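A single chain comes next, written as C-alpha cells; it is the form predicted on its own.
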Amino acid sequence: MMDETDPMFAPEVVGPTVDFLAPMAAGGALEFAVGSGRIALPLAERGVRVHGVDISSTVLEQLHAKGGRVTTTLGDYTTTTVDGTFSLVYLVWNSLSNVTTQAGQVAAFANAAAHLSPGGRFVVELFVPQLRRLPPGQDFVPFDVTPEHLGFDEYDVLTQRLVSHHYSPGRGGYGAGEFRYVWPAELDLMARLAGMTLSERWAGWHHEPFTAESASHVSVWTLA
C-alpha cells in the first residue's frame, strides 16, 4: 500500500493521469482498486461522478477521511458489483497484476464490461514483462539499484508469476509481492471475451507512442 510520500502521488504523475481519464468520464467513472483515492479524488474534483471498489477497508477509511465526493464499495473488484453503469472503468498502476490467476484477470475484464454503458471504455495501466532482459538460465531482472533501494523482479516463465523483491535499508528492510504478468496481446483477448475491442494503446499518460521498447502501457478498450 502506497502512502502520500510515494512519488506516484506527485502532481506531475497524478495530473496527466486525470487529464487522460476525465474526457472519457462524462457518464461517471468506476475505479477498481481505488485505494486511498490517489486518482479518484482529483477526478471527482473535476465534477466527475466517481465510485471506487477496493478489498481493503483500511484504505477506504483513508479515502473517506480526506473528504471529497467519491462513493465506495468494499470488495474484490473481479467479482463485486455496484449499482448503475459508467462511461469509464479504470484500473491503474499495475493493479491488474495483483490478481495472480488468469481466471481472475478474465473475470476483472468481464466485471468491467458489465459496469460500462454502451460505448464505454475500460482503461488499464500495466507494465510490460521484461523477459527480453533475462539471460539464459537467469530468473532475476534488476529494476532499481540505488543506495536507498534495491529492486529485483523474479520471473517464473512457466506460470507467468512474478515476485518483486524490494530491499530498502532506511524504510523497513526487505519486502516482496507476488504478481501475474500479462502480455498486451493476452489482455486484448480477455477484452474480446468480455465484448470489448482495443481502441488505443500508449506507452504512458502523455500519449507517448507504444513501441517494442516500451516498459509499460496504457490501454483503452471500448464496449461494443
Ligand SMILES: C[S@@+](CC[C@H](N)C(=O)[O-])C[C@H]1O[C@@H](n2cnc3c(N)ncnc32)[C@H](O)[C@@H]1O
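Keep in mind that this is a model prediction, so the values were computed, not measured. Residues carry their position along the shown sequence, with the first being 1.
Same protein, other form: the form predicted together with the ligand, not shown, and the subject of what follows.
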Within 4.5 Å of the ligand in the predicted complex, heavy atoms considered, which of 111, 72, 105, 95? 95
Tell me, out of 194, 33, 43, 187, which residue has a non-hydrogen atom within 4.5 angstroms of the ligand in the predicted complex. 33
Is every one of 38, 55 and 59 within 4.5 Å of the ligand in the predicted complex, counting heavy atoms? yes
What stretch, of 148-156, 116-124, 96-104, 133-141, brings heavy atoms to within 4.5 Å of the ligand in the predicted complex? 96-104
